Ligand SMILES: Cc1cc2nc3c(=O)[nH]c(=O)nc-3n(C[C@H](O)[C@H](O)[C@H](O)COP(=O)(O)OP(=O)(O)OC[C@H]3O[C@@H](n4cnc5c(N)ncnc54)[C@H](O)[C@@H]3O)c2cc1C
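Read the single chain below, which is given as structure tokens and is the form predicted alone.
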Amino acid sequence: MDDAERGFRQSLWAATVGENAHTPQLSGSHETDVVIIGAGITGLSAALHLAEKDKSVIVLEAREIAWGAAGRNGGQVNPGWKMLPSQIRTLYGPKRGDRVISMVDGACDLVFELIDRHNISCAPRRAPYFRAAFGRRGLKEVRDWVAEWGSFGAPVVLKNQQQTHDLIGSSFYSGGMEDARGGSLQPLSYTRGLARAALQAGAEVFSQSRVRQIDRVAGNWRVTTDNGGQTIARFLIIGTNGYTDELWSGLQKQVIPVASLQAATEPLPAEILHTMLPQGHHFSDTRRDMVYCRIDENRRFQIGGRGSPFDPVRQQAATKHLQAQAVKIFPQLNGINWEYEWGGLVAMTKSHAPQLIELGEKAYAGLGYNGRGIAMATMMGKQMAELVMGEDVAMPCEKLSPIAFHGLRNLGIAWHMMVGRTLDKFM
């Protein structure tokens, strides 16, 4: 088992997930309306929305359903982007920006609507997202969030230090912000549930079917897998996000993959459980070297944060710094056993906004969710499905624009982490 595989198999989600849908390996030749590469949240959301509109769809996955970020993330269904609404309007212009803001505002709702409509068993919880403010900079950040999203009618509330302590059970932070649009779930179960829903709607999903080549033949897209399977399609969608490789020239350089590691404890005893996140909130903090935390449905405390840029999927003792952070924030965790550690890759973009890329005629990619993957990947899949259907979508289509000096990305990440940790000490 290699390190990347271990980062999937040893996760809390792999240990608690239900049965997987049957998805055979692609063999022979097939024809379809749409071929989708990647059976993560993006690809499966697109497949489900297309199949529900009577399009024939084939999804091709190199490993298994949700093997990438979809099955490794923190399970937080977080609202918004890292950007504020004013920054979204600046990026896209007032008219387009307001449409994007409306789309972003509805992304969490879309996740829970799909869960309800397709009866997806994934431990969904609609408790609010909490943003914990660290220092003066953090307090400004949460105040700006409440002011801007509140002006669009979002259910956001500013909390002082005592209220923050009461909500999360820690005196580590200076205050915070509650956003009722958020929620949490078991991400591997959610993604497998999307696959089952897509299959029931008529889509076909094939695993262990790594794509080797994409080419254009007689106005269609021909996709060939390693084992010789072949699919001819009118439309092509790529949804590989942080695991994008060199299959499509230049696409890999649209994003910077950043390691995100996580650890989970044994089930907490009652005397500790009632002192932490008593109302079911999940949270992330405003530090540059941020962490994010929650307690799952089995009473396990979970924390996530950045890993090494030079060894992004290493698991052996890789989360000791996160465990130390957990005890620093919640001293009551001192002495609690940690049972799981795992990791994967988050795809970051230069603008901190997701990207809908027009790769060519009737060919699209959606990627770069910047830590908001569950909600935004689900919405991006829907956006690309609507694009295939000829509808006017909120997200603008961009052209490939590779990040400059992409080969030096790991040095850049390491520098950013070092500077961020230093500055956090003075906030």
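From 1 onward, residues are counted along the sequence shown. It should be emphasised that the depicted structure is a prediction, and the values quoted were computed from it without experimental measurement.
If you look for the form predicted in complex with this ligand, you will not find it shown, but the lines that follow are about it.
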Heavy atom distance at most 4.5 Å to this ligand in the predicted bound form, all of Gly68, Thr240 and Tyr369: yes
Position in contact with this ligand when the complex is considered in the predicted bound form, options Asn73, Gln186, Thr164, Thr231, heavy atoms within 4.5 Å: Asn73
Option touching this ligand, based on a heavy atom within 4.5 Å in the predicted bound form, out of Val211, Ile256, Val291, Ile336: Val211
Distance check, Ala47 to this ligand in the predicted bound form, heavy atom within 4.5 Å: no
Contact of Gly182 with this ligand in the predicted bound form (heavy atom, 4.5 Å): no
Ala62, heavy atom within 4.5 angstroms of this ligand in the predicted bound form: yes
This ligand contact in the predicted bound form: Ala385, any heavy atom under 4.5 Å: no
One stretch from 39 to 47, 26 to 34, 393 to 401, 354 to 362 that, in the predicted bound form, holds residues within 4.5 Å of this ligand by heavy atom: 39 to 47
Contact set, 243 to 259 vs this ligand in the predicted bound form - heavy atom within 4.5 angstroms: Tyr243, Asp245, Leu247
